[in-house]
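This document starts with one chain, in the form predicted on its own, laid out as structure tokens.
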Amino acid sequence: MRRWNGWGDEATVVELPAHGAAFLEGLVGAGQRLPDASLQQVLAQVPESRLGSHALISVDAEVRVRHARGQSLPDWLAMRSGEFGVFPDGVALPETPAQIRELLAWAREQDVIVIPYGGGTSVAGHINPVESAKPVLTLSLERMTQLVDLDEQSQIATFGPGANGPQVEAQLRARGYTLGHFPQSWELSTLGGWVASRSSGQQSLRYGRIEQLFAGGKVETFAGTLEIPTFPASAAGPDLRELILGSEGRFGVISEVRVRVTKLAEQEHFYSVFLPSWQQAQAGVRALVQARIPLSMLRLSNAIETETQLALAGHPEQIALLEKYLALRGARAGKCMLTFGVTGNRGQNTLSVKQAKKLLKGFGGVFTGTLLGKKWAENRFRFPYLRHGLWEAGYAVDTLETATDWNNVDNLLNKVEASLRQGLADEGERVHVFTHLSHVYGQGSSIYTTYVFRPGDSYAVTQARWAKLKHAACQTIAGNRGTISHQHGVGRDHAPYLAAEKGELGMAALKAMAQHFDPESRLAPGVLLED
């Protein structure tokens, strides 16, 4: 069963190894565990619903609790403390586009705010209800999960928007296809949510980001139904798909998604390579992507993340042997781990690996085969569960991400890490910070940073520490040629920084679009665009 106060399935537990806890204690100090509220304590706080009766809407207290928060660290603190603040007045569970239209018409008649809800995995405050004089309805798409149609000739699949990653892949793989979109939140996040937030999957080098996969669909708005036809390409004015990609529920509710799918590959392998320094590693990765060697994924950890991953991996004896081997081959302190994948037929993959090996050897790369690559593939959707293990050990963890051009990667990465590392110095607290490049392009790269810090002696102090760190990093990103989000979206948390990226005229255009589709500002107010 899905957790009500954290990530994923209750049966899945990722514990922090004992030596991992010792590693973190040496870096930031002894952990401090805060007490958790019980579900019963939270249920007792849920107020009476202000909504009128509707057959598609549940006002059950537990249903409202389970749809009240996403998966950001502030959400985690709210769920763990039991201090949710605001709950939706009800949760709608439509099963068809017609029912979504019915609910939007009802919301207008009843003067109700509507929050579109996919898998509840937002880490930027997309789905949290805020204090309002009007009732708040969360419109969940979790029952709209079916593969409606598969055009094998055009390789376009039509889905309900609430299909999560496993549901999408299971239905396609039964027919011999894949979407190939694998964000870290894949277990719970949904197809409609991927489109609405401009998601990026871990194998975007092969399959593309969601904007390359999204072919068309339907959106239910307060101005009517927007239908986006599928074309392989079009020069007929601006692309209407772009109105919906990244719209984050402000313009309408996605009711049908058409995506470009691919035949299942014959073979897939993941490899690990260690490079002697960050400078050599970054140059090697840039050379790989700019040479257009057909790889399916690239992930480069900086030296601190590499050290942290090895320390938290378990099996210290085996890791010690690996470290000894790498040192003999010239990858010592400061080494960086690169994981790359190949996906395709045997001939393609053999040639791709050969080309990658040849190129990376020129940058001092030490190949360690597929063992660590297999471990990455096996555990790539388990990282969100680590928050539980760290919390039990007395530590808080969060992530943030951006993207920039290659000529700015080092500058931005170093400044973001410094802003976090020094962010709690006035409290005498240390912050452990590390980064990887998770999506690379010929032009530049994403930058994905993780930071670990100690909770305060209360939830309020811990929240204040997070807010201080988040603001410092976001200011740094906005002021140093970084996008405020490469893959997590804007939500409410990033909305204050969006104008620095879009400019005055761009923000005015976005607000005009929201006004066009939702003139009374009923849909997800405060998300994407500050109200």
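Since the structure is predicted, the reported quantities are computational estimates derived from the model, not experimental observations. Residue numbers here begin at 1 and follow the sequence given.
Unshown form predicted together with a small molecule; subsequent notes refer to it.
- The small molecule is not drawn, but in the predicted bound form it has no heavy atom within 4.5 Å of Val273.
- Looking at Arg258, you'd find every heavy atom of it more than 4.5 angstroms from the small molecule in the predicted bound form.
- Although the partner is absent from this view, Asp89 stays clear of the small molecule in the predicted bound form, with no non-hydrogen atom inside 4.5 angstroms.
- In the predicted bound form, no heavy atom of Asn302 sits within 4.5 Å of the small molecule.
- In summary, the region of this chain contacting the small molecule in the predicted bound form, judged by heavy atoms within 4.5 Å and restricted to 368 to 376, 415 to 423, 118 to 126, 310 to 318, corresponds to 118 to 126.
- For the candidate set Gly249, Gly180, Gly217, Pro455, a heavy atom within 4.5 Å of the small molecule in the predicted bound form is found for exactly one residue, namely Gly249.
- Comment: the small molecule is not present in this chain, but in the predicted bound form one of Asn349, Ser189, Gln282, Thr306 has a heavy atom within 4.5 Å of it, namely Ser189.
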